[in-house]
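Below you'll find only one chain, the form predicted on its own, shown as structure tokens.
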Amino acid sequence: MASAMRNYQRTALFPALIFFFLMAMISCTSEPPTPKDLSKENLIPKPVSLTATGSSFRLTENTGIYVQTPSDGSNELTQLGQYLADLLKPATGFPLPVNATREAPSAGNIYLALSAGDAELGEEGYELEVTESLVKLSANTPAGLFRGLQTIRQLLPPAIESKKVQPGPWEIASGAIRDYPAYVHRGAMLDVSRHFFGVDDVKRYIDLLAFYKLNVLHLHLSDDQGWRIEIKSWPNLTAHGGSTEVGGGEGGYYTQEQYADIVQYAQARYITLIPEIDMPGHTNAALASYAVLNCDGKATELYTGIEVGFSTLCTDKDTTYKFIDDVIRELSALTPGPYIHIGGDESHVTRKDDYIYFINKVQDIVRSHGKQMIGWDEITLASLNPGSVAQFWANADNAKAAVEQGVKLIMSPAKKTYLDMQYDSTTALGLHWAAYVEVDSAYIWDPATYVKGVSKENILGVESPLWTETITNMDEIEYMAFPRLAGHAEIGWTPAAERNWEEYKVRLGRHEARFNAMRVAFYPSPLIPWEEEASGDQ
């Protein structure tokens, strides 16, 4: 009996010994965390504050994405978790399930949580804590979490942007980041009137803006060469006015359903869409579509050149303001953001008194539809409402006039932010009427000191316009926008005291591999020390 019991004990003990032996082997062979220095990572925009702890978190096939269970039943955080999972799955091949939880998850996971009440973080700030066992991202709002997700994305190796499985490892340097923007408006403008760009191109641009924490897309939807948004009460605007473009191409336009799709896509990336209908100048496409908008009652011919300043709506006709009211009404219903841009620039053939009368009336029309008016800096000739916004592009006196009227400014100086300006005399695309704008010039300026008499408190933010007289496809958009737009994003986000060209150009140079992984057709400026992104290893 005793012998049988000993045999039973040995038999029962054997599997347990095997189990403990295997666990010990796994423990001995598992790789320790890789030493990494968070301060040497190449984040753009540069964070407000950062503390490195010298270790790392490793993303594995067992990693899950956990989001704080919302008290209001909203699924917005789950959608953010899924956004992150969808970004990381293709390159890692990991399942990355998304789950809601009331408490911080166990080791090896990523956790997204809201922690309202931090006034300094505001609407878009975030805190990121990375340890060997957990990545925790917290913010006051979902928008802040979304900005922080872009930081997590940039802390992973550039290969994370690949659409095919890559070998890894997928490590994030440990430490803490506390971050929030310098300006509330950080945007880019895309001219789809001179040359038309389809929905997929606009969505691609939105994704590139989001990567650098930009939060506004301004679409220039009408000009002399084309009208690009369907207005159901004036259908010939697109049927005729949208039928061509610079050089005589076939043009195109967005149906209201397509426009709504773009708006929704931008909203999912916490980007506000601002539509622009340029007037009273830059209106030949409308004047060619409807004779009644012309003072002589005769429709103009369609225009496919690139000259400016020759067209104007008839500013003393009631029909003109009925037309504008209809356009703003339909556009406002499709646009959830607070702004409608009415252009107002280069209206050289409109008499000054007529121009002022026109802007004042249109401002009231925009307000009647629950929106705030934005216009290029010439609108400061009129008497602006406090809620209106002037976009400075050329005339410093107009910028000062905005300040005198208590109106906020968007800073878009052509000599610094116009993405259609050539880099140098050898650039095949673009123009240079304002300046040649190399990557250093695009970065080395401060919105708060650019115009004497205009300070930070007068400025809503920064925006980078891309006019498309010479731009015909997405690769050309990317070539002219990048890498200059990355620098503009940093100007809009990072405090001026923390920005330095010599340090920035090194960080930018290490984005080469990331641009390549994202298939961005960027301009390889000779001023930048391009190289594969450093790992941040100690």
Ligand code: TNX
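Keep in mind the model is a prediction, meaning the values are calculated, not measured. The first residue of the sequence shown is number 1, and the count goes up from there.
The same protein also exists as the form predicted together with the ligand; that form is not shown, yet it is the one meant from here on.
Contact annotation: Tyr253 falls outside 4.5 Å of the ligand in the predicted complex, judged by heavy atom distances. Contact between Asp420 and the ligand in the predicted complex is found at the 4.5 Å heavy atom cutoff. The shortest heavy atom separation between His282 and the ligand in the predicted complex is within 4.5 Å. Glu469 belongs to the set of residues with a heavy atom inside 4.5 Å of the ligand in the predicted complex. Contact with the ligand, judged by heavy atoms within 4.5 Å in the predicted complex, is confined among 340 to 348, 240 to 248, 283 to 291, 445 to 453 to 340 to 348. Interface residue among Trp170, Phe211, Trp393, Phe197, judged by heavy atoms within 4.5 Å of the ligand in the predicted complex: Trp393. Between the options Leu381, Val308, Val184, Leu114, the residue in contact with the ligand in the predicted complex by a heavy atom within 4.5 angstroms is Val308. Shown here without the ligand, the chain has only Trp376 in 357 to 383 lying with a heavy atom within 4.5 Å of that partner in the predicted complex.
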